[in-house]
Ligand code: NIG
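Quick setup: one chain, the form predicted on its own, written in structure tokens, and binding and motion questions come after.
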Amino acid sequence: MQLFLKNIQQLVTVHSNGKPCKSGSSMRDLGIIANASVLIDNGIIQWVGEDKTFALPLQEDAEVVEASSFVALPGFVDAHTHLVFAGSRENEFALRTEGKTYQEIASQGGGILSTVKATRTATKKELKKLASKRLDAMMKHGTTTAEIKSGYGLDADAEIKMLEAIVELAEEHFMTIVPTFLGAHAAPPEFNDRKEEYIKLICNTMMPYVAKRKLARFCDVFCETGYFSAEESRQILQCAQSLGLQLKLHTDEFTSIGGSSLAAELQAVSVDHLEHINDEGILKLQQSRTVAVVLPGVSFFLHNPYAPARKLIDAGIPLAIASDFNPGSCMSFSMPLMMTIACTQMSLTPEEAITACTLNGAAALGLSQTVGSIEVGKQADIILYDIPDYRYLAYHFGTNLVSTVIKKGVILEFP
């Protein structure tokens, strides 16, 4: 089945020029085509260019969309989410408004462990139902690919339950979903003062099972003071590598703990957070292929320092933006909002923010050969916005500007 988008007012291709991501000044090159058209066949982009130069025959049953009043962008790629969870933590939000810190709340039994309790209690069916509604809402806001982590189970049964839910959602939902094992999100309460035993459980029991059943593509660790040290993280990640899992790392969120250097050394696909990355970490990332993923919504929501995104880009490190959608530190999945925060608080240009949310987000998942840009041969994930110019997207914040969501060449309709 063919879909032909014609007379697109402004097509933002974020062309990759054959590279997996953009860095430095190339992040500002969006490959914009005015009065453009795109031909899609069986979900794959077959032609991109100026409408006046299109000369290919269309099938008789081709669907033609007149897009002269729309701006078209690639679907957003959210490379860091914790979308599968039960419960909520609005009470912690209220405590933070009274001056409590994220760490103080966690030390009193809140934080990650609060969500762990609710998620362990929920059935897989309940988790999938909650997550499916969130995925629908994300797609309505222009996100067409998302990574989802486990990490709110923190025992073998609950972690597997979460990963099974994520894998089943990947099979059933329109969203392209990438599952990540995050058993090392925190040490569960039953392993208080016995973290070494929990690490053994992760490495000897959980991960071999996850790898054998192909329940995750990545392994992630929360490498942070009070959670897992750099050496503990190394142990877990090297075990993951030996089992064929690719690597990600949460690190340098609250303190500079050496996680960025570790991620570069182990050739992690991405290293995320980086609010407190130091110069050594930046140097190590410069010498690696690891994508730096920053999470503007977390700093905004927790009133914490922002990652030095401008410094990372100027150092030539490929930068991605993700939402970190989760119940504790960023209860938002709106990628346009993340762009606005990145532009206003982290000194990114609108062009850099778009690249960071599309092509570079795909690179942070190892998917940039398939999604993240509007190019021949790629999956047709395209969003039409009823706006006058691509820069309007980050400028007009707090509302949903999406007009049409096209996923794998299919125009989606939402209830």
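Start at 1 with the first residue shown and count on from there. All values derive from a computational prediction rather than experimental measurement.
The protein also exists as the form predicted in complex with the named molecule; that form is not presented, and the subsequent description refers to it.
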_4.5 Å heavy atom contact with the named molecule in the predicted complex for all of H80, Y152 and N326_ = yes
_If we define contact as a non-hydrogen atom of the residue within 4.5 angstroms of the partner, is E253 a contact of the named molecule in the predicted complex?_
yes
*Is M138 a contact residue for the named molecule in the predicted complex, using a 4.5 Å heavy atom cut-off?*
no
*Quick one: is R89 in contact with the named molecule in the predicted complex, heavy atoms, 4.5 Å cut-off?*
yes
*Quick one: does I112 come within 4.5 Å of the named molecule in the predicted complex, counting heavy atoms only?*
yes
*Find the only residue in Y198, F300, F222, F218 having a heavy atom within 4.5 Å of the named molecule in the predicted complex.*
F222
*Per-stretch contact check against the named molecule in the predicted complex, the hit in 81-89, 314-322, 162-170, 241-249 (non-hydrogen atom, 4.5 angstroms)*: 81-89
*Those residues of 261-285 which, in the predicted complex, come within 4.5 Å of the named molecule by heavy atom*: H273
